[in-house]
Structures are given as structure tokens and as C-alpha cells.
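The data below hold one chain only, encoded as C-alpha cells and taken in the form predicted alone.
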Amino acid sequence: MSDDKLYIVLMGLPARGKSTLALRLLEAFRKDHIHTRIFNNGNLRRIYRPLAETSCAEFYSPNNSNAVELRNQFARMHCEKAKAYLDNSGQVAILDATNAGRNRREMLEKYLNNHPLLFIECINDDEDILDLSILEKTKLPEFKHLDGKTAKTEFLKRIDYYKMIYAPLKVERNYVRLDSLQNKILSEKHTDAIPLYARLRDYLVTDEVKNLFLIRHTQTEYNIEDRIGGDPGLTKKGKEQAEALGQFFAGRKISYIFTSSLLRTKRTAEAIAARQDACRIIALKEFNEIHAGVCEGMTYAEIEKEMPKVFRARETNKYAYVYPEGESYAMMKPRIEEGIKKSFFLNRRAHNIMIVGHQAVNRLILSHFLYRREVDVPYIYIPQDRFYHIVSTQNKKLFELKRYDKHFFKKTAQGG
């Protein structure tokens, strides 16, 4: 058996991130000049069968013998293509399909027996992410003839059919079980020597972002008065700043803008999305500003005067200090990291990710990439007239603070 070429067979229920992972692996291998190709069964299905048939859940029923044979036929077709690819110049063949049942995987193991084969199971049961992922799936051309509600019903029923035959990886010779939201390996088994495994494993567990635009919401009345927390709207200047952001990013494709559930981030995002094509705003509660408890809506001067013990205690250790009936930076950190994971999972196919957050939120997001000391996190500079541009890949790290409003406000002052 040759030991320098590899079959990677993905498996997992629909909407668990298999195709996204396939694309990530393709790009990563190709950057290392490793000849790689994806063989996606869904593409064959959509080519050879009418969309009205493949969008119907009954096509995936294990009791639909004709459809089962068709889907097995597509799997065999891709086995032949993958085998031919590795017999020539190819080094890694990625077979992307649900492969939920043990019978299908046995067929793959028997047929793809000339090079090492590694199964990767994508697992993700986060309900919020699944709902959003399914919504995106139902917007694909396969469902264009159906209304949104019907498409979702059919897709959920499709998942239920796959659950009927689903068997997690266990008896296979070589496998990795991956939490595809957290990029965390849950278990792994290697009976054979797997080429490129060290590099592959590194790909699987690494968070990568090509362009993250980290923006603080624009000015609010609370900002002017130095009040904390609350849910204020934007000032006139804040609306102008948001408009300037929209103009600045008009030339870049932004598919998603992630915000908190608070008004000021949503309004800032709306001004940016207004100048984009097919841009969705997704509010994640994980990105909500630090909860100041009994101090919500107060100014720091009022806290110092009315709650001097609270003021002094917070000044001693801002990162660990918990507002009475509220939270601390330390308490926020797990939810902020969860928000980062969710936004990356939903937007992994896009080159540009945008998060419109708050001062404390953005400090913690930056510290996720910058690895600042905890004591320094509450002092990271987060202005409202600039944004952070972050690139974090295995081969490149970039952090820059950039202005967006200089030319806009100069033009406004001149009456433009």
C-alpha cells in the first residue's frame, strides 16, 4: 500500500459543516502545494436528478430503495473518480457526503483500498447554529422552487431520515471525531500510518480568519454622558459614523454582519448592510456588552460618588471585578469565545467577517487573537472612529487599526 497519498472521507448529519471543512482542507493543502480535490456527492445528485426530486425529503428515506440505490451509485462514481485522481497526480482526495450508515462506509473501505483512508466525522448539536445553518441550506438553488417554510420542513425531515441509519465512527480503522463548531477533536483512532496527519490535525483544530473587521458601535447618548450599559440608540453623529462605515465597506463583499442583541450594534450594522448585496445581520447574545448589574445606566462619576466601595474595588482589578448583580470580564470570556466560534462557523466560506460589538466585547475578541495578559485586557484601545482589521492564519498574522471616517467627514464639512 502506498503511504504518500490519502483518502479523506467526511461523514456527519446534514448542516454539520462537512462541505465547509472540505473547502478549508482543500485550501490549506493547496497552499502547501499538495494536490487535492473534493468529490462531493451532492453535486452529482443535483446534476443527474431533478431538483424537485432531490429537495424532497423522501429521496433520503432509507425505505426508498430506488433512491438508496441511486445515492449508492453516486458514491461509487466518486470512488472511481477519486481512485483515478490518486492513481495520477493527486495526493489527497476528499470525499464529501453524509456517509451516515456503516454499510456505506464498508463499501468505501473495500473499494478505496489502495491508499490509506481516514474518516472525519463532523459533530455539532448547537441548536442556534443548526437553525441558522439550515436556513442557509434552504436558500440554495436546490430549494428555489419551494417557499421558506416548506424548504425547512423538508430539510428537517431529511435530517430525521439520516438519523435513522446514523452510526458514529467506532469500528473503522482510522478516524477522527471532530466538534466542528469548537474545532475540537473528541476522539481519534489510527490503525494505519496516515500521511500528512500532523499537518491535517493542525488544520482541524486551528481557527483561521482571512479578514475580520472588528467594529465598535458608533456614538450613542450614553457615550456622550459617559454612562455604562443600557440599550440606547445612536446620536446624530453616531448615525453619520454608521453611514461612513457603510460607504467605506461598500466596495467589499460582506455576507454576514454579527452583532449583539442590543440596539446600538444593530443600527450600526444596518447602515453597513444597506450598501451590500444580500448581506445578513445576525444578532448573537454572546456579543452583548458587559452587564453592569446595579450600575447599569450610571456614569463612572455617579458610581464613585454613590458607591465608592464598588468604584475602588473595580479599580483594583478591572478584569476580575464582578459588578453587583452583574458580571466581569472574566465571566464574559467564555461567552465571547463561543460567539467567535459561532460567527466563524457560519461564515467560514466567506473571506470577510464583520463583527459590530461593544467596547468590553471587542477588547475580549482582540485578546482572543493577541493573547494579552488578563490584567491588560480592560485597557485595550477601542475607539469609535476606527476599526480593527485582523488576519489570523497559519501563515500570516496581521492586526491593524484603521480609520474609516476621515474622508467622509471632510466631505460633509465642505458641504459635499
Ligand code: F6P
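What you see is a predicted model, and the numbers here were worked out from it, not measured in a lab. Quick note: we count residues from 1 along the sequence shown, nothing fancier.
Not pictured, yet referred to below: the form predicted in complex with 6-O-phosphono-beta-D-fructofuranose (F6P).
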Stretch from 94-102, 159-167, 220-228, 120-128 whose residues place a heavy atom within 4.5 Å of 6-O-phosphono-beta-D-fructofuranose (F6P) in the model of the complex: 220-228
Spell it out for me: taking 6-O-phosphono-beta-D-fructofuranose (F6P) in the model of the complex, does every residue among His368, Asp376 and Phe399 have a heavy atom no farther than 4.5 Å from it? no
Find the only residue in Arg314, Lys341, Arg267, His115 having a heavy atom within 4.5 Å of 6-O-phosphono-beta-D-fructofuranose (F6P) in the model of the complex. Arg314
Using heavy atoms only and a 4.5 Å cut-off, determine which of Leu44, Ile353, Ala360, Ala67 is in contact with 6-O-phosphono-beta-D-fructofuranose (F6P) in the model of the complex. Ala360
Within a 4.5 Å heavy atom cut-off, is His190 in contact with 6-O-phosphono-beta-D-fructofuranose (F6P) in the model of the complex? no
Although the partner isn't part of this model, could you tell me whether Glu289 comes within 4.5 Å of 6-O-phosphono-beta-D-fructofuranose (F6P) in the model of the complex, counting any heavy atom of the residue? yes
Just checking whether Tyr203 would be counted as a contact of 6-O-phosphono-beta-D-fructofuranose (F6P) in the model of the complex - the rule being heavy atoms within 4.5 angstroms. no
Flag Tyr321 as yes or no: does it have a non-hydrogen atom within 4.5 angstroms of any non-hydrogen atom of 6-O-phosphono-beta-D-fructofuranose (F6P) in the model of the complex? no
